[in-house]
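A single chain, nothing else alongside it, follows as structure tokens in the form predicted on its own.
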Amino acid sequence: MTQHLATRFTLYGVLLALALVFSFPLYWMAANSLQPLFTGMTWFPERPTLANYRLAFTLQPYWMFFRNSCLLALISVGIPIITSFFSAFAFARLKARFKGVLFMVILATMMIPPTVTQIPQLVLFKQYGLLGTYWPWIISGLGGSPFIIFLYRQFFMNVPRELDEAARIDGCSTFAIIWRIYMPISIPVVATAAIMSFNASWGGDYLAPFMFLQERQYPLSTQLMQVGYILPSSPNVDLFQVKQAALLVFVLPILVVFLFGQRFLISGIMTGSIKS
């Protein structure tokens, strides 16, 4: 009993230490966002002020770029989540020639860095007049996401085939089976895919919008990376504290989505990784 308690305390101590390490950048941003302008970086703000947040929202059309991020995240999450669902169901449950080879080809595309394909995509989208629109993300989403297809397929492979056979006997079509059986039981894995896609779109996709969109269509990630905050009367002066305030507000949606969806994230990954 004593050894068991010691093991648990050790485990919780390690987890707490890791939590402090990974949360430190957030604390550092929060501390510097409250520091008055032109006072340098700090660990503890001496005279905390919220003026930097007001400047972050007024020196740039912050909420316009925030809205652009929401729209781009909705497209980048919603469309691949749906199309990957049907693709994964076909790979897991339907019979077709060479579907195993095709599935391996789809998985192989995960090894191609996105930056390798962005220049050919830029040329192609420019040729068809799609630059300055959200069509590049819509078209890419219609093809699904290789990782999400893999995640869905692993989950569907764990579902007993007797459910499909019973539904067929009751007269259900393939679409009815998907709607009545697979969609209700797939909430954890769908939520997992949505959280991962949202994180990738909100915080990681800043180069593609710079290439495919106009400046007023940029999401926050691109705008903050490319422009940042400078003193209007002196372009060479970087408003570091204001930028920290803007970045802290920028990461809040990711934290909120993770906090509310973490139970789905854990259960979805475990369900999709364990073969029954």
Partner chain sequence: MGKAERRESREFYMLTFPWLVVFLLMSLYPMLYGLYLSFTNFAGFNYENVRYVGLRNYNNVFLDSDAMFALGRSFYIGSLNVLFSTVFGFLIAVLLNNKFKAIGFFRSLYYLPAILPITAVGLMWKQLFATNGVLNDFLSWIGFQPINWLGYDHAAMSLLILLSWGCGGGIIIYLAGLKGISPELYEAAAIDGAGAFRRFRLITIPLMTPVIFFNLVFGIIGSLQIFAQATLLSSNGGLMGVPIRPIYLYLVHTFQQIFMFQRYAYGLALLWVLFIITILLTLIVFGTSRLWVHYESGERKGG
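Note that the coordinates shown come from a computational prediction; the quantities given were computed from them, not determined experimentally. Positions refer to the first chain, counted from 1.
Heads up, the form predicted together with the partner chain isn't pictured, but that's what we're talking about next.
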**OP:** Would you point out which of 179-187, 71-79, 84-92, 152-160 contains residues with a non-hydrogen atom within 4.5 Å of the partner chain in the predicted complex?
**Re:** 84-92
Subject >> Candidate from 64, 37, 251, 59 lying within 4.5 Å of the partner chain in the predicted complex - any heavy atom >> reply: 251
Original post:
Quick one: is residue 96 in contact with the partner chain in the predicted complex, heavy atoms, 4.5 Å cut-off?
Top reply: yes
Subject >> Exercise: residue 113 in contact with the partner chain in the predicted complex, heavy atom 4.5 Å >> reply: yes
**OP:** Could you confirm whether residue 247 comes within 4.5 Å of the partner chain in the predicted complex, counting heavy atoms only?
**Re:** yes
**OP:** Examine residue 140 and determine whether its closest non-hydrogen atom to the partner chain in the predicted complex is within 4.5 angstroms.
**Re:** yes
Subject >> the partner chain in the predicted complex - contacting residues of 24-47, heavy atom within 4.5 Å >> reply: 24, 25, 26, 28, 29, 41, 43
